[in-house]
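Shown here is one chain on its own, the form predicted alone, set out as C-alpha cells.
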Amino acid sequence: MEARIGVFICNCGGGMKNIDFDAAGAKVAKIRGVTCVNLISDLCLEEGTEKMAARIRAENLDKVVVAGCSPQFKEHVFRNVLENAGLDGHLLCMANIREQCSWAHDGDVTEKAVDLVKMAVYKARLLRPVEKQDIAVDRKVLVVGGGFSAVASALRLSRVGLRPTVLEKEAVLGTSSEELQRFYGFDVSSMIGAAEGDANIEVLTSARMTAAKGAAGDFLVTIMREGEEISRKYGAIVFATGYRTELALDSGLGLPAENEAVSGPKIVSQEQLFDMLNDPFTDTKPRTIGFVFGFSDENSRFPTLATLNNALAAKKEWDSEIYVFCRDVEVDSEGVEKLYREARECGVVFLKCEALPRIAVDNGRIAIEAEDVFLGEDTVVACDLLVAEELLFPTEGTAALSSLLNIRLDSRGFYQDENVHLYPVASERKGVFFVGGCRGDLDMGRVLTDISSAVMSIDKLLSSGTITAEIERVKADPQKCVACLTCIRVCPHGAVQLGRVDGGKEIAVIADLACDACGICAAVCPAKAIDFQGYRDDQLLAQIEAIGES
C-alpha cells in the first residue's frame, strides 16, 4: 500500500517573493504519492503548527514533507508537530526552498522549488520510523577541579537536586583561586565551606581520574585516591580545571631580554604587584612602573583586567608614573572599558606597539624601548619596576584527561573555546561539559555564564532520571562490517566500539546514548556497512532519480 504523503509549503511570512506558490502547489499536487498540498504562511509559528497537526490527523497522513527554510533552523519544531499528531518524527522530510532556492537566485525560481519538493517526496516514500526508548541514567555528576568554577558548579548542581562529586588533585580546594579573590573580590573560602558542608556534595581531594568510559547518563570513572582505586558511575562530567600562568620572560615565548641582569625583584608578575600594593609594611614604592602585555597571546582578557586594576591601584596608592606597553587593550568584558577610561583619566599612559618591546638595564633601572604606533618613533621609558606579560597555559594533566574521554584540544592545548556548533560549554561527547578557564582566557562574566549553561544542560539531561534514546538509528550491518576500525577512528563522539553480536564475530557497535547522528561513520565506511536512518543510500538515490525525471 502506497504511503499517504502530505506536503506543507511555507512562504516564511512573504520572504520568498520569487516563487509563485500557487503554481508550485498545483504542480506538487500532481507528484505521485502526494495526498494533499497545504500552503500555510509562517508554518513554524503556533497557529501554523496547529493547522499542520490538524491536517495530518484529518488526512490520516503517513509521512510529511515540509518545504520552507533550512532544516537546521526548524526541523526539530516540525518533528515535534508530527509526534503530537501521532506520527514518528523521523517520517518527516524537509525541502529547503528558502536558502537553497529563493534566496540564492534572482528571478523566478518556481521550477527549482518544485524540483526540491519532488526530491523530498521521493525520499519520504522510503523513510522508516525510529524506535525510541527511555533509558535510566545516573543523577550523580563528576566535577573535575577544585577552584572557583568547580566549587560554584557543584553548589548550583546541588541546588537543582543533583549529586555532584568534586574531584581535586590537590590536598585542599581553592588552591588555584587566589587571583579571583584578588581581582574580583570573591570570597572563595566561604563557597568552599558551603560545598564541604552540603550533604549532596561529595569532595574527593588528593585524587585524580585515571580512566573513563561509557556514554551520557552512564559514565564509568576510575579514580585514584591515596593509592586506592575507586570506580564510580556518573551521569555527566564537568571539567573545571582552570589554567596556569607564566611570565613571558620565563616561558621563552615573550619579551626578549637583551641583558641577563634583567631579572630578580625588578621584574614581577601581576600577582606579586598586587601583594606589594596590599602589604602595609612594604618599603618599596617605585616611582615609575612599566606594564607589558598583549604581545604573545591575543586572548588577554584576564591580563587586561589585572593590568588596569593594578595600574590604577599603583597610581592611587603610590602616585607612581605608569606606562603600559600593549598591542591592543581588549575591553570586551563587562566594566573593563570604564576601567580603561578611568585609568587614562588618572594619568596612566598607554603606548600602542606592534612589535615586542626591547628590555635592557640602564644605570640600575629597567629600560623599555618600543616604537609607538601613534608617535611613529621609538620611545624609551626607564622604570624602577617592570610588570611582565603573563601567558595563560592549560593546567598540567589537561592532555591526559582529554585522552581519557577522546576529547580534542584547541591549538593552544585548552579544551575547546567558543564552539559555534555545540555552544561554548558542550563537548563533542554528550554529557561532558567545560566551564571556566580550562577552555581559555575568560572574564568572570563569561565564567558565570559557563556555569549556568552547564548546570542547565545537565539538569535537562539528568533531572528526570531517564534519557530518551533513538534505538539503532545508526547501526552497523553484521553481514557487511569487517571490523576495519575506520568508524572508531573518525567518530568525534566516542560512540563506536568493537563488540560481538550474539556471540559471533566482532563488529562496530554504536552506542545509542553517545551517538549524535552526525553521519561521519556512514560516510567513510569503506564496506558501506553502516545504515543511517534518514540518509540511507536508497533514499539519496531516490532524490537523484527525482531530478532525472524532471
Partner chain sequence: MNGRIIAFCCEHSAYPAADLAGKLGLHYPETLRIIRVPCAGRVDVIHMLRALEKGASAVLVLGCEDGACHHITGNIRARERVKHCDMLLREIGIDGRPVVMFNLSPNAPHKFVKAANEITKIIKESREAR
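Numbering follows the first chain given and starts at 1. Whichever C-alpha set is largest while still superposing within 1.5 Å between the two forms counts as the rigid core. Because the structure is a prediction, the values reported are computed rather than measured.
The protein also exists as the form predicted in complex with the partner chain; that form is not presented, and the subsequent description refers to it.
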Contact at H90, K132 and S452 by the partner chain in the predicted complex, all three, heavy atom at most 4.5 Å: no
Option touching the partner chain, based on a heavy atom within 4.5 Å in the predicted complex, out of S70, Q497, N60, S41: S70
Contact residue in the predicted complex, chosen from V37, C518, A53, C481 - any heavy atom within 4.5 Å of the partner chain: C518
Interface membership of Q100, the partner chain in the predicted complex, 4.5 Å heavy atom rule: yes
is_contact(L116, the partner chain) in the predicted complex, heavy atom dist at most 4.5 Å: yes
is_contact(D283, the partner chain) in the predicted complex, heavy atom dist at most 4.5 Å: no
Proximity of E345 to the partner chain in the predicted complex, heavy atoms at 4.5 Å: no
Answer range among 43 to 51, 504 to 512, 518 to 526, 29 to 37 for contact with the partner chain, defined in the predicted complex as heavy atoms within 4.5 Å: 518 to 526
Residues of 428 to 445 having any heavy atom within 4.5 Å of the partner chain in the predicted complex, listed in sequence order: E428
Yes/no, G197 Cα shift of 2 Å or more between the shown form and the other one with rigid core fixed: no
After fitting the core, A399 CA displacement of 2 Å or more between the shown form and the other one: no
